[in-house]
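One chain comes next, on its own, written out as structure tokens in the form predicted alone.
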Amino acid sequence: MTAPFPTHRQEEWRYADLEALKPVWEQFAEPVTMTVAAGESLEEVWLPSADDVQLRRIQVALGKAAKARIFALNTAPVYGRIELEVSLEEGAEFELFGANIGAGLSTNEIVTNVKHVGIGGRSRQTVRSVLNGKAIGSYLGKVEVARGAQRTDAEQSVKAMLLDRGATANCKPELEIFADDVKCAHGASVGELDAMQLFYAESRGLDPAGARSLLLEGFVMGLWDSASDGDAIRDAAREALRKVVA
């Protein structure tokens, strides 16, 4: 049975391009489930496709002391959505390194719900957005710490770079904690390229577009440093950044 079509009244869909979503909803209505058994490890690199509308809806269940790392790039020209629901048992670890890169009228969003249900779980979410034109980039991230999930350690770091006054960044980290011995933190910031850094780069011989690309690479590329094989996602990110600053 197909899940009901979402509405903007639902918090996790409030910024979504629902008109773009309609033609592909039945295909992606039910999330794909991935299970990482106790003590096992998972690493995935999610690259964008050539489609105008790109969706990825995943549920990840991490067993005791399991580990998962996901590296994701979101650059759909019309609408892109990466949606993750993750549950962590005792001692499990989860890391997400994601980027939205958009231009024109695109909407790209990363939506997460990380549920700490066991003792001593650790999660890290690092998301960067680079937006030009009238593009929209969103991060909606919820961390839930269940009653009894003591010694949870969770962090969210969200930063966005706006290259045009028409671009929009939405950052909404959220914590829901029912345990008292936890370490949870989140931070979000939205800014523009530093004029002095641009001037310095151009004074060294770079044209304006090259200077912007260089600074933006520094803003985004660190996301992929710990990937076992990050060449493909780095190349895709560079190509997306070149289009954004062109």
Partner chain sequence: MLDITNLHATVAGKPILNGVSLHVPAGEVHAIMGPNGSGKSTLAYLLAGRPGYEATEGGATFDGRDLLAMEAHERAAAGLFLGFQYPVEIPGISYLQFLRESLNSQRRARAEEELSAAEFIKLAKAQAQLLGMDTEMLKRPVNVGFSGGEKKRAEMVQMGIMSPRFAVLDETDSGLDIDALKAVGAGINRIMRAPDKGVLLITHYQRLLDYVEPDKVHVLYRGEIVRSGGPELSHELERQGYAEAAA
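All of these numbers come straight from a predicted model, not from anything done at the bench. Positions refer to the first chain, counted from 1.
One more form of this protein exists, namely the form predicted together with its partner chain; it is left out here, but the text below deals with it.
**Student:** Are any of the heavy atoms in A185 no more than 4.5 Å from a heavy atom of its partner chain in the model of the complex?
**Tutor:** No - in the model of the complex, heavy atoms of A185 and its partner chain never come within 4.5 Å of each other.
**Student:** Wondering, does F199 line up within 4.5 Å of its partner chain in the model of the complex on heavy atoms?
**Tutor:** Although its partner chain is absent here, F199 would touch it in the model of the complex, with heavy atoms inside 4.5 Å.
**Student:** Looking at the partner-bound form in the model of the complex, is A68 within 4.5 Å of its partner chain by any heavy atom?
**Tutor:** A68: no, not in contact with its partner chain in the model of the complex.
**Student:** Considering only heavy atoms, tell me if E217 and its partner chain come within 4.5 Å of each other in the model of the complex.
**Tutor:** Looking in the model of the complex, residue contacts with its partner chain include E217, since a heavy atom lies within 4.5 Å.
**Student:** Have a look at L206, I58, L55, L193 for me and say which one sits with a heavy atom within 4.5 Å of its partner chain in the model of the complex.
**Tutor:** Comparing distances to its partner chain in the model of the complex, the residue within 4.5 Å is L206.
**Student:** Just to confirm, with a 4.5 Å cut-off on non-hydrogen atoms, which of A179, L47, M221, A38 contacts its partner chain in the model of the complex?
**Tutor:** Contact with its partner chain in the model of the complex is made by M221 alone.
**Student:** Choose from 60-68, 209-217, 185-193, 24-32 the stretch whose residues reach within 4.5 Å of its partner chain in the model of the complex, heavy atoms counted.
**Tutor:** It is 209-217 that comes within 4.5 Å of the partner.
**Student:** Who in 11-40 is close to its partner chain in the model of the complex, meaning a heavy atom within 4.5 Å?
**Tutor:** Nothing in this stretch is in contact.
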